[in-house]
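Coming up is one lone chain in structure tokens, specifically the form predicted on its own.
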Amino acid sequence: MITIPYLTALTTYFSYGLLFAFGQLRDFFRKFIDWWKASNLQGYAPICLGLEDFYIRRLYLRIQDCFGRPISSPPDAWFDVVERVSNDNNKTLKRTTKVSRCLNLGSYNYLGFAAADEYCTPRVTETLQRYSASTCSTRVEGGSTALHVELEQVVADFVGKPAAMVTGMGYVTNSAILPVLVRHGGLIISDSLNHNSIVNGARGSGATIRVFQHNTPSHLERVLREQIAEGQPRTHRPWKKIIVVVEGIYSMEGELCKLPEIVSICKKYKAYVYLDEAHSIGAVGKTGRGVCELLGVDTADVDIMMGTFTKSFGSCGGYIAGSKELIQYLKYTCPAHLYATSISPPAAQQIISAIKVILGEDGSSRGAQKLAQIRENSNYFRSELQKMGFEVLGDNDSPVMPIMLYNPAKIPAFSRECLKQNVAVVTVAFPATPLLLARARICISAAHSREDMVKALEVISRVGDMVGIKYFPAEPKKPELEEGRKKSE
């Protein structure tokens, strides 16, 4: 749980209240202006209505230049950000021909495979020439190639499961598969901070949904015990099945799941474990096999393993791994397999090649070096941010590092000032996070050099002082950082 300082919470509430009050005042006068204007939609209900529309118009549009920034190069350690201008107070943004070369702290390029790679890129190019960019078909029609079959076997072996099924989109892997796994009469117990794809998948399943406090095994056990004793609503019959859904690394918190304790509790109450490893597979563990390897959990104790290829593998799509019976059932019933276009062959080849590099099957030790580098970079960067006085969430070894901003005025200030100094960061606010818990989310890559990180730390420190987000006293500077700065110069 994040404990917000009282004064910070008070000023944040005041800032949002001020924005809301002035927004409502502007909407009040807008009604009079609209009353005089002729409309072609008389008699129609407004298509955009409610607090969401108000939030977009009066809050989001004011700072939308901080989001959705277009790039014009591969998302490597450094990339080109296209500059945009607005002539209507940020309601619309127009691209210019100017680009800024920026240090990339926002992409999920954990192992550096998103840029050209000496092993992966030639094989992807060859696959593009052989198979073209798309199969233009679903897996059950004409969309299965030898690459897709190989990819599923490679993924299954990599994560330590008997079988796997791949889909063309990571988000859909959760949102389309959960409704197939559990339906009416079933129970889904979800971590309170699970990803939106899990939330939407659970809602679409028709199952009863219960939530437990974020990463708190004791509360999970209490919820399980109560629900098993109570049974289904109205009838109180036993649940048809119970699935507990957690993430390996929580994408907005950077925290590692307390998987050993959760698995132990699920075994005790005979509940299935569904593990989303979107941000952990390939990024953590001695050989990149995710939180199970990192935390010493046998993959046989995790019933359903999900992950995506967009983070550590420099590609797209997602996978589900489990028993052969489960995967066979999903291939007969899952809409993502039956109705969606299969994953692009070049994308499939990129994943296969990246996994081979990670495992050292390319004949080099680059995979082991990348894994060591991402771990070293992540722990160094997190440690230095904390020493500077920032409030940083997450655990060691996690490449995701949220820096708490809180106040809505600090969201655009931090983002814009970093961009001015050629450091591109991602800021996150409501509705992706609770209203009071706005943050900047830093993603570290194995492609970042020590000089890159020293530069980023210097810029973030300066901007942090300027914006006022160092909520803790800073430690005295260490010689290591000074030495790294001198080397970069």
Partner chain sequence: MDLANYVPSAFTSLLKNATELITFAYDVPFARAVVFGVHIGGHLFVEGLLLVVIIFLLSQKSYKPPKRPLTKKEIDELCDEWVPESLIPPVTEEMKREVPVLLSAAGPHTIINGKKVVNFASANYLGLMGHEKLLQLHNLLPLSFHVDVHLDCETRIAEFLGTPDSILYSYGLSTMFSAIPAFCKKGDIIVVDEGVHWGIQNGLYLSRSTIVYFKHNDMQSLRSTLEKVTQDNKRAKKLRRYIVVEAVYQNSGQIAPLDEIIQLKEKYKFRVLLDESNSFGVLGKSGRGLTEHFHVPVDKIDIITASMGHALASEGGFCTGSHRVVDHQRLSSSGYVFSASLPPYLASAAIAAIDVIEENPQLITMLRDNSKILSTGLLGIQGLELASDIMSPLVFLRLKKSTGSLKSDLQLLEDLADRGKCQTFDLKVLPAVCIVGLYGTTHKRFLKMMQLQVLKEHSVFVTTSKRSIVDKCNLPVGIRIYVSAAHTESDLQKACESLKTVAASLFTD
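Note that the structure is predicted; figures quoted are calculated from it, not measured. Numbering follows the first chain given and starts at 1.
Not on display, but discussed next: the form predicted in complex with its partner chain.
**Q** Should Leu435 be counted as a contact of its partner chain in the model of the complex, where contact means heavy atoms within 4.5 Å?
**A** No, no contact at 4.5 Å.
**Q** With the partner left out of view, is Ile56 within 4.5 angstroms of its partner chain in the model of the complex by any non-hydrogen atom?
**A** Flag for Ile56 set to yes.
**Q** With heavy atoms only and a cut-off of 4.5 Å, decide whether Glu325 touches its partner chain in the model of the complex.
**A** Yes, Glu325 is a contact residue.
**Q** Might Arg101 be said to contact its partner chain in the model of the complex, defining contact as any heavy atom within 4.5 Å?
**A** Outside the cut-off, so no.
**Q** Determine which one of 282 to 290, 406 to 414, 346 to 354, 157 to 165 lies within 4.5 Å of its partner chain in the model of the complex, judging by heavy atom distances; exactly one does.
**A** Correct option: 346 to 354.
**Q** Which of Asn377, Asn215, Thr135, Ser190 has a heavy atom within 4.5 Å of its partner chain in the model of the complex?
**A** Selected option: Thr135.
**Q** Looking at Asn196, Asn89, Ser365, Asn396 here, can you tell me which has any non-hydrogen atom within 4.5 angstroms of its partner chain in the model of the complex?
**A** Residue within 4.5 Å of the partner: Asn196.
**Q** Would you confirm whether the three residues Tyr6, Thr12 and Ile469 all fall within 4.5 Å of its partner chain in the model of the complex, going by non-hydrogen atoms?
**A** Judged in the model of the complex, none of Tyr6, Thr12 and Ile469 sits within 4.5 Å of its partner chain.
**Q** If you apply a 4.5 angstroms heavy atom cut-off, which residues in 138 to 153 are near its partner chain in the model of the complex?
**A** Counting only heavy atoms within 4.5 Å of its partner chain in the model of the complex, the contacting residues of 138 to 153 are Arg139, Val140, Glu141, Gly142, Ser144, Thr145, Ala146, Val149.
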